[in-house]
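Consider the single chain below, provided in structure tokens and representing the form predicted alone.
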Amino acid sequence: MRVLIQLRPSSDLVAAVTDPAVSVTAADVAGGLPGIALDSSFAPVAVPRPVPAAGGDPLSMSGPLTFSLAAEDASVLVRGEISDDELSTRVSLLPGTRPDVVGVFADPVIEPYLTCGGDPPVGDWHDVERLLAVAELAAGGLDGSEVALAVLDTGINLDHVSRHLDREVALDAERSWVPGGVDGTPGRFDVDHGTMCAFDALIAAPKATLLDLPVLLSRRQGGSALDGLLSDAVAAFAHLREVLGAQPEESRALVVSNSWGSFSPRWDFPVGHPGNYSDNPAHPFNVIVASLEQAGADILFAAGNCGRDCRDGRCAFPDRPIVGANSHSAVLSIGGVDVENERVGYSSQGPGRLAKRKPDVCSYTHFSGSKAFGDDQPDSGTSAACPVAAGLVAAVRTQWPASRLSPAQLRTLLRRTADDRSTAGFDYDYGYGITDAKGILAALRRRKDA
């Protein structure tokens, strides 16, 4: 089983890991771990320490927290593999063998949320543009200018996106990131799922600057062409922390779109195991997600395609399929509706595993748009709904950086202005409802005038 090993080495080593100018290897941090084959291609990643508010429980992840990357506080992750025959023994013995070992965590397979079924598209991306009131957003100066919009997926083909949007598209290769072992240049990957996501994100935020992070292109033994490892998402989020930190604090604007998730408990430790990912807010990736949000990033995850009406064949969680970071309280979990405001059958229902009230809201999917999979194929799944919503968030960030409207406040704004599709407020089908751009605009005007 492939795992993430969390260690607390010397403060000098932690400082070196957090310094992008210093090269540190897995062997430098964790050499000599018995029974573990370290992955030398995975650069060690620093994990911030959650610090509770005064009087808070240091073992709880549910109270108010800050996150410290100070050398005396942070820990370090490396990636490795333990044979299945020795897994339980090694995991239990490691902390006793090496006192610097904090824990051993699952590194589950992550896969894109492709759609099920063969239904034709409902409407096209111009319908989405209209429903998102893009002309009104632009008239109010909300077009994504100077906003970094990170797409964590299979990579972006910029020429394809630009050609099908019929306009120039901005991509910052320097602030993009490619996992070790992946061949390719940001913006020049094959047309695939990530290209669709990039196209859809730019519908509401046409002037946003794309960052390309192809975390789903990592190759692993037995893997398919479209899956990756959570550890690469860990490294990508660590990179985005540097991107965010380099922005002036008064104008920070980073939106992170994630149209992928974990489908199967087979790749995870059991629920209740300290190394579990799906239900464990203390898993290092879930901690890193929370720390990036607190630093000012807006993080969106697709709710998934495990809805009861049209379940993706890969869905192996028997219930509550919105798992791990896709259900984190610090992210927007996005369900899917078509342009006629009808929920698509594959959109996963809540409750979520980390936070029960998931999905948060729904956005648009199953329309003709990027043509990434052929001229007659829709942009579909919650994979499309997530970047569509991310583009709306990026449009808002044009004039409302995190210093003016925190990520938590923006999530609340989207929930409160959503078009409620039930008679009971929040529900597990639609969340708080469908994103309402005009309602958001009106709320921002009231906030500005207050």
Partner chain sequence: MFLVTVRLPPEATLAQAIERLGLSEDDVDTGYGLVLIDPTQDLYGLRVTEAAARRIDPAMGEGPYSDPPIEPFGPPR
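Here the structure is a predicted model, which means the values were calculated and not measured. Positions refer to the first chain, counted from 1.
This protein has a second form, the form predicted in complex with its partner chain, left out of what is shown; the following refers to that one.
Of the candidate stretches 81-89, 376-384, 121-129, 141-149, only 376-384 has residues whose heavy atoms lie within 4.5 Å of its partner chain in the predicted complex. A single residue from the set Ala233, Leu254, Leu137, Leu354 has any heavy atom within 4.5 angstroms of its partner chain in the predicted complex; that residue is Ala233. Contact annotation: of the candidates Ser329, Thr209, Gln247, Asn276, the single residue with a non-hydrogen atom within 4.5 angstroms of its partner chain in the predicted complex is Asn276. Although the partner is absent from this view, Tyr113 stays clear of its partner chain in the predicted complex, with no non-hydrogen atom inside 4.5 angstroms. Under a 4.5 angstroms non-hydrogen atom cutoff, its partner chain in the predicted complex lacks Gly369 among its neighbouring residues. For the chain shown alone, Phe189 is not a contact residue for its partner chain in the predicted complex, no non-hydrogen atom being within 4.5 angstroms. In the predicted complex, at least one heavy atom of Asp312 sits within 4.5 Å of a heavy atom of its partner chain. For a residue to qualify, one of its non-hydrogen atoms must sit within 4.5 Å of its partner chain in the predicted complex; none of Lys358, Thr398 and Tyr432 qualifies.
Using a 4.5 Å cut-off on any heavy atom, the residues of 238-268 that reach its partner chain in the predicted complex are, in sequence order, Ala238, Arg241, Ser259, Trp260, Gly261, Ser262, Phe263, Trp267, Asp268.
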